[in-house]
Structure formats: structure tokens, C-alpha cells
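Below sits a lone chain in C-alpha cells, taken as the form predicted alone.
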Amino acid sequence: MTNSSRRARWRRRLGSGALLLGQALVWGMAAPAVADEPWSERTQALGQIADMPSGTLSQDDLKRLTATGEALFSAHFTALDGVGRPQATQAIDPTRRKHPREQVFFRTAGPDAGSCAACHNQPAIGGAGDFVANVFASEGFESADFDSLDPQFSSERGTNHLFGAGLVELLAREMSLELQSVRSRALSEARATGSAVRLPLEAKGVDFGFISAEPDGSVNLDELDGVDTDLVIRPFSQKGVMTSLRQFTVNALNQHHGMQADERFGARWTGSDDFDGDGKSREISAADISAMVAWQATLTAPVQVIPVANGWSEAADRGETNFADFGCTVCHRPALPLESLSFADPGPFDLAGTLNDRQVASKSIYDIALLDWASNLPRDEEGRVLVPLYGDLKRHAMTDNQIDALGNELLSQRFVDRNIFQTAELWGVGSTQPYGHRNDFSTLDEIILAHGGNGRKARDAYAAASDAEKSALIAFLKTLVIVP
């Protein structure tokens, strides 16, 4: 075969692939706004959607939207897209730099990655990251303008996986509404009786302390446990401080890539279309964010898979029993009930700088029930989906006077104390080694023994067990995996 004929075959293959890509992005798309030619070094998926989706999407429309979201999540953004933020910091609130940045990428303060998938890739795109993919959370400093590994200025964190994230956010929304309804009931009863009313705060069987209301309409929140004073469950990040996938995405694009979303860094909030001063305006549209949210929200839920290995099934069964007997299920609840699989975007609880459902004419609805994998989710006798997350979406103290390995951060984040973290959801734990909020525990045995504080009783029961019973519990945890 001649070189010219080989090139012709290669060109035909590329042409066919390009045709398929074009067909996948036809619905609801605009002419490429930022990539003038198909060979441009600009990210082709940016600007493909003309407007934010709205209304309930059909299965086909949702599939096309999530295809664009996946393309954006895996894209390596370039300087032509607006990578870098020479005049802006990594702070969540749009903040100007005091000193110009000489380098585009910098590990500690970011930008520190070319794509979302560069860190979220274990065992597949959207997954977790190894220690090398750790990030540095210093966005709590509104005037952050430094590049430092000093733990006084930044907390090192591992990359969490996003599989089942849509179900997690839906749980958080329903639980927030439950908690806020308790507050409303306490206020109503206090006004009706003329006396103070103290009620337990509980959502989906998870205890969040107590709330007291006075007849004058004031409330006492001193007895809250594991939730913010607005009674909104924030299910994302190790500290439980991110309200939604939308907020998480907007934050991460600026922090890790220097890509600014219009809904926070655009002229509406900052008075500039190029707040970060890199010469690129309108880098990420609200529609682009919607596509990324849709893809993340519809990622498959982790499952239980028992390896075909002699004795593993029996060990896992015994280990699951031990998991409950040791007290692990007090925080790592095997499942929480979910009333609805309709994921609305934007959502109801985001604050300024992230779009919410009151700032758009019509929100979009992604019905997770349309997805093939959703049909395998267990349900209770009332028809509610039982989300098998092995978590409780609550923050807990993880250290005490004897066990303090998980208290190695020096900074609080969003007023959450240094040693307090949200219960890690264990679904997928068999696919996401290493462990801990800093990814510095190489085995499940190590991270279990590092539990102090609210996890101390279960940790001690595990530590006192025989090697065979410990091994059985590990065998069970290893069956909780991500199957993309």
C-alpha cells in the first residue's frame, strides 16, 4: 500500500468520526461560538449549546446534553478558551490578584489541571484521584493571593468520585426541606401556644440535634449537630460545604483551570466580561455549566459486586454483619430513602454566584428514572428508592484526645472546624484507593483505625475483633465498587 493510499484511509476514518460527533451535538446547539474551525485548538464542546435547557427533557435530549457535558468534563481547556487567571485568585468570591502571576499552572493555588478528568479518573472518568491528584483548598480566603504549601494557608484534599452524585444531591434537597419544615412547625407551635417549643431535628432517620422556637419568632440553634444554621444539607466535598453539583462545577472550573463561569464571574456580578484579565471573555456559559451538571447528575450509582474467588462471598456476608455489629452503620447508613428521581437544574438552595431556580424563567428536569441503571436501584415497600450510599450526609467530629490522625488540618472551612468532616459515602470504596480526606491511607484497615471522635466506638470494636473478622469486614467493603 502506498503512503498516499494510507493517508486517504486515515482521512476517511477521521471524516467518519467527525460526522458522528456532529450528529451527537445537533439538538439544541448553536454554531460553535469559540471554535471557528474543527481543527482549532479551542475546546470544540464549548458554546455548542445555544441556551440553557428547560422543562422536562426526553431520554434522547438528555442523552445529547450529557454527551456534551462529558465532552466538557474530559476536555483539556487551552489558553484560547481562557485557561489561567492572571489577574484573579482561586477564591470563590471573585477576587483580584495583588501581584501578577508569572506561571499559568501552579499546584497549590491553581490552576492545577488541564481538565476535570485529569483528577477524576479512578476507575473511570468521573471517578476519584490518587494522591498525585490532590488539591489545595484555600478558597476560604477571600483575598487569597499566595502560592504556599504551608498548611496554615491551604488544606490538602483528595479527589472524590462523582458516581451517583445526582442521587446524593436529590437526597440532600429532600433532607433540607424536611429540616426546614421542622423549623416552621416549631415556630408555628410556639406562636400558637405562647410558649417555647423544642423539637428534634431529623431527616430520613438522621439526627441533626434540636431546634427551639420562641413565640416572638426567634429560634435557638445552639443544639444543631452536623448541619449549617440555615438547615441546608451541603453534600459535596469532604467538609460538606458544597450545596450542589452546579456550585461544585463553577468553583472547580475557576480553581483548577482558570475558566470563569459567566454566572459568577461575568458582568452581572463583577462588572467585567473578562474579570480574570486573560483576554478571553465569557469563557463558560450557563448552558455549558448545565451540560456538565447533567452529565455528573446522571452518572451511574456504585454497586455491589462480589468477586468470583473462593470464599469471598461467605466472607463478605459475614463482613456485612460485622459492619452493623461494630456500629459502622450509625454513620455509614447502608441506604437512605429518596422520594423522587427528578433532578432539577438549577436547584433550590444555591446562593448568589451560582444560579438557582428563582433566577431562571424555567428550570430543566433530568429524570434519572429514564436511565437504564436506575431500574436496578432497590425500593422500599412505599416505592421510595433506597439510595445505597453508606453515608448520612452529616458532619461529624473525627478526632479525640487519643485518636487524632484525621485532625491534621490547620484551617477551618466555611466555619466548619478543622477536625469535622462529612461522613464519607462508602459506595465505590472498593474502587477508590487510597483513603482519607488527604488520600494518605493506603489500606481500609488504616483508615478504619484512624477514626476518632464520633467514629471511635465503631473503630474500637473493629480494633478488638479477631483478624478473621476484620478481614471479613474488609472483604465486604471491597465489594462496593464503581462499574462505569
Partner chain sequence: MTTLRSLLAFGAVWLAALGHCASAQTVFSADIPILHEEAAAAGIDQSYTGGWEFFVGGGAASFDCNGDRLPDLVIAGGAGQAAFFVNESQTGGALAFKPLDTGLKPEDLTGVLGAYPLDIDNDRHMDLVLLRLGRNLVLKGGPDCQFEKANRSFSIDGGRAWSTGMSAIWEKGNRFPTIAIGNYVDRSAPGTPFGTCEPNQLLRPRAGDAPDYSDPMAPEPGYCALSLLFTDWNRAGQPDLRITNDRQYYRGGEEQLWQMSQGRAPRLYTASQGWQRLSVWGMGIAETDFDADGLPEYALTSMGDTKLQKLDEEAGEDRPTYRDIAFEKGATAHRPYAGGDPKPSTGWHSAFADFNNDTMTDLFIAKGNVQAMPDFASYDPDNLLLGGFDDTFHEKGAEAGIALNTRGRGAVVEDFNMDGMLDLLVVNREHPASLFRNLGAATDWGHRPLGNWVKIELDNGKINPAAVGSLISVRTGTRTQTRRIQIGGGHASGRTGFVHVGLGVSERATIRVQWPDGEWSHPYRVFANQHVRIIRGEANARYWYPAAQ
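Positions refer to the first chain, counted from 1. None of the values given here were measured: they were computed from a predicted structure.
The following text describes the form predicted together with its partner chain, which does not appear among the structures shown.
Check each of E382, E102, D216, D372 and return the one that places a heavy atom within 4.5 angstroms of its partner chain in the predicted complex.
Here the answer is residue option D216.
Would you mind picking the one in A324, A352, I365, V305 that has a heavy atom within 4.5 Å of its partner chain in the predicted complex?
Going through each option in turn, the one that passes is A352.
Report whether all of L221, R264 and R414 sit within 4.5 Å of its partner chain in the predicted complex, measuring from non-hydrogen atoms.
Result yes, every residue of the spot touches its partner chain.
Given that the partner is absent here, state which listed stretch (92-100, 119-127, 202-210, 332-340) has heavy atoms within 4.5 Å of its partner chain in the predicted complex.
In short, 92-100.
Under a 4.5 Å heavy atom criterion, is Q359 part of the interface with its partner chain in the predicted complex?
Although its partner chain is absent here, Q359 would touch it in the predicted complex, with heavy atoms inside 4.5 Å.
Check whether G271 has any heavy atom within 4.5 Å of a heavy atom of its partner chain in the predicted complex, and answer yes or no.
G271 belongs to the contact set for its partner chain.
Find out whether any non-hydrogen atom of S181 is located within 4.5 angstroms of its partner chain in the predicted complex, and reply yes or no.
Looking in the predicted complex, residue contacts with its partner chain do not include S181, since no heavy atom lies within 4.5 Å.
Any non-hydrogen atom of S281 within 4.5 angstroms of its partner chain in the predicted complex
No, no contact at 4.5 Å.
Going by heavy atoms, what in 219-248 lies within 4.5 angstroms of its partner chain in the predicted complex?
Contacts from 219-248: V219, N220, L221, D222, D228, T229, D230, R234, V241, T243, Q247.
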